[in-house]
Ligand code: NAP
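Have a look below at one chain only, the form predicted alone, in structure tokens format.
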Amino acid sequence: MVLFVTGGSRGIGRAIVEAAVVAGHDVAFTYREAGAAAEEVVDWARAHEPDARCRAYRLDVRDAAEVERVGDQVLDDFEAVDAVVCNAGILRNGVAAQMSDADWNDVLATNLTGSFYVARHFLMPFLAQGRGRLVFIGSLAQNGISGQANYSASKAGLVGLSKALAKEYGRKGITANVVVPGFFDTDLTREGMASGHKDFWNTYCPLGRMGHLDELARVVLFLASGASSFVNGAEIPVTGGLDWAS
């Protein structure tokens, strides 16, 4: 299996890349600014699974033309892609009344529009090969979080996008699903999550802890694989139960 993962140089994306390599899959992943971190991932993959192909590509998913260029290069390098994981995302926190146009637009352009650009590019190759998996990395913020109107809107938008693609292309062998992570120890949560939110999570999560990235990566790999062939248009919570706890 060949996976294409956006934002694969750190955090959730890196965990997905590493889990895929260990499972024997080939991986193309992107980064925007963290070139050194991307090289570390490639070196890690080479050291742990010398036979696996793992390549990094610089990509700003906000740029449709760049998505087309990099996507074509990946298809040339790997000949085919079986699953696309749209993970690239940013935070720009602030209350709505004081949120700048730039902070709103940057988050929506990266998290939602960029995911659409990536999915759109690979739909035609998926149609040609008669199969494909689209996996979007969502967030509990899709239900709304104070101080994150832009991020919440972008993640809610991924749910609508995924369900629309699931309905449009399911009969063509292409599935689209959203993984909804809870609290995992990543750069985004360390830098963008208020301490009060972290305390609430650890207090009320039924499992009483944050998630481990390998637990999330395994769910993503399942959705990227043939084993998930009848899972389509779903939101898969990987939250330890906090989303339904009362």
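Residue numbers here begin at 1 and follow the sequence given. Given the structure is predicted, the values throughout are model-derived calculations rather than measurements.
This protein has a second form, the form predicted together with the named molecule, left out of what is shown; the following refers to that one.
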**Prompt:** At the 4.5 Å heavy atom threshold, is residue 61 in contact with the named molecule in the model of the complex?
**Reply:** yes
**Message:** in the model of the complex, is there a heavy atom of the named molecule that lies within 4.5 Å of any heavy atom of residue 83, even though the partner is absent here?
**Reply:** no
**Request:** Spell out, yes or no, whether the shortest heavy atom distance between residue 25 and the named molecule in the model of the complex is within 4.5 Å.
**Result:** no
**Item:** Interface membership of residue 87, the named molecule in the model of the complex, 4.5 Å heavy atom rule
**Value:** yes
**Item:** Triple contact flag 125, 134 and 222 to the named molecule in the model of the complex, non-hydrogen atom at 4.5 angstroms
**Value:** no
**Complete:** Testing 69 to 77, 168 to 176, 125 to 133, 151 to 159 against the named molecule in the model of the complex with a 4.5 Å heavy atom criterion leaves exactly one stretch, namely 151 to 159
**Asked** What residues, if any, in 1 to 25 have a non-hydrogen atom within 4.5 angstroms of the named molecule in the model of the complex?
**Response** 7, 8, 9, 10, 11, 12, 13
